[in-house]
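Shown here is one chain on its own, the form predicted alone, set out as C-alpha cells.
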Amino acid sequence: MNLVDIAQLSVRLGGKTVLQGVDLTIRPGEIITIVGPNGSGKSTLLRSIIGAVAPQDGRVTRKPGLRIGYVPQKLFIDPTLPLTVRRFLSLPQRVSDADARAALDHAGAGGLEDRQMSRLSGGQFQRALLARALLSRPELLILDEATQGLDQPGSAAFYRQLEEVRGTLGCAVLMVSHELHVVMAASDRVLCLNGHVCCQGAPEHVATAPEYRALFGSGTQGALALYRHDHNHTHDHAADPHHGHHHPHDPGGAGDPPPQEAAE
C-alpha cells in the first residue's frame, strides 16, 4: 500500500492560504523532491505530512503505524556544550552502541562517534542528523533543505548517500531542495510547488515543463543536463504522471566534482 496519500489538501496559516488543492502520493522506496520558490508552501507540505499542521480542507492519509524519520533544515547546538556524536544520537532516548554504529554507517558517518558535534564540518553535521533520523528505521525519510549551506560537492555527496540509504534500507525519501543543479539526479519524481502543484513527474519531464520554466527560467537547463539520468526505458507521462518506475541512477553525472565532504 502507499505510505502517504494526499488529496485536495488546503492549508491556511495566519489567515493566508498557503497550500490549495494539493494531491500527492508517496509510494514505498521512491525518492521524491519538492522544488519551488520561497513561500511556495514546501515546508508546510512536509509539516502536514508529519501531522504538525492541520489541513483546512482535503485529507492526508498515512499508512497505519508509518515510521517517519525527519532531518531538519538546520539545528543549532551551543558550541560551548560538550556533546559527542554518540551522545547526540542518544537524545532524548538512549540507543545501543550497535544501533548507533549502524545508523552512522548507513549515513556515511562511520567513525565519528567520539567527535564533538561543534567540531564537525557542515557535511559531517548533516550526516549526524541523518543518522539520528535513521535510528527509528523509517519507512519514509523526510528532509527539509538538508544540504543548505553545503558547497556543491558536499551536496552531491549527500544526495548520493541518500540513494545508498534508499537502496540499503528500502525507505522512501521525500526532500525539499533549492538546488536545481543537483536535485534531478537524486530523484525518481520531482514535484514543482507554488501554493499548488504546478507540475510533477520524472525529472527530465519536469525540467522541460512550461510551468517549471515559468518559475525557474531556462537558464538552469544546461546544468540540469549534466545530472540527468541515463534511461533504458520510456515513460508515458500523459497516461501516468505519478510513475512508480525505479531505474539505475547516475548520481554524480558528467562533470560532477569529487565529493570532498565524503572523504572527511
Partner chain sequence: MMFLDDFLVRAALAGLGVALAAAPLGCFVVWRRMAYFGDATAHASILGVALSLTFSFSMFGGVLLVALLMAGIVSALSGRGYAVDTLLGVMAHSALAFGLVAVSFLHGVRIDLMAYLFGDILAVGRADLAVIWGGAAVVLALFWWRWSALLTATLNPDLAHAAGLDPRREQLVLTVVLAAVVAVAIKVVGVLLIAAMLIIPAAAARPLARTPESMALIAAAIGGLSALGGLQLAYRFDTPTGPTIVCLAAGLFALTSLADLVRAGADR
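Positions refer to the first chain, counted from 1. This one's a predicted model, so the numbers in the text were calculated from it and none came from an experiment. Rigid core here is just the name for the largest C-alpha set that superposes within 1.5 Å across the two forms.
Unshown form predicted together with its partner chain; subsequent notes refer to it.
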Worksheet, complete the sentence: Exactly one listed stretch (26-34, 51-59, 207-215, 193-201) reaches within 4.5 angstroms of its partner chain in the predicted bound form by non-hydrogen atoms, and it is 51-59
Item to complete: Examine D97 and determine whether its closest non-hydrogen atom to its partner chain in the predicted bound form is within 4.5 angstroms.
Response: no
Worksheet item: Are any of the heavy atoms in P79 no more than 4.5 Å from a heavy atom of its partner chain in the predicted bound form?
Response: yes
Fill in: G122: touches its partner chain in the predicted bound form, heavy atom cutoff 4.5 angstroms
no
Fill in: 4.5 Å heavy atom contact, A102 to its partner chain in the predicted bound form
no
Worksheet item: Even though its partner chain is not shown here, does it sit in the predicted bound form so that R47, P72 and L91 each have a heavy atom within 4.5 Å?
Response: yes
Discussion item. Given a superposition on the rigid core, I'd like a yes or no on whether S90 shifts its C-alpha by 2 Å or more between this form and the one not shown.
Written reply: yes
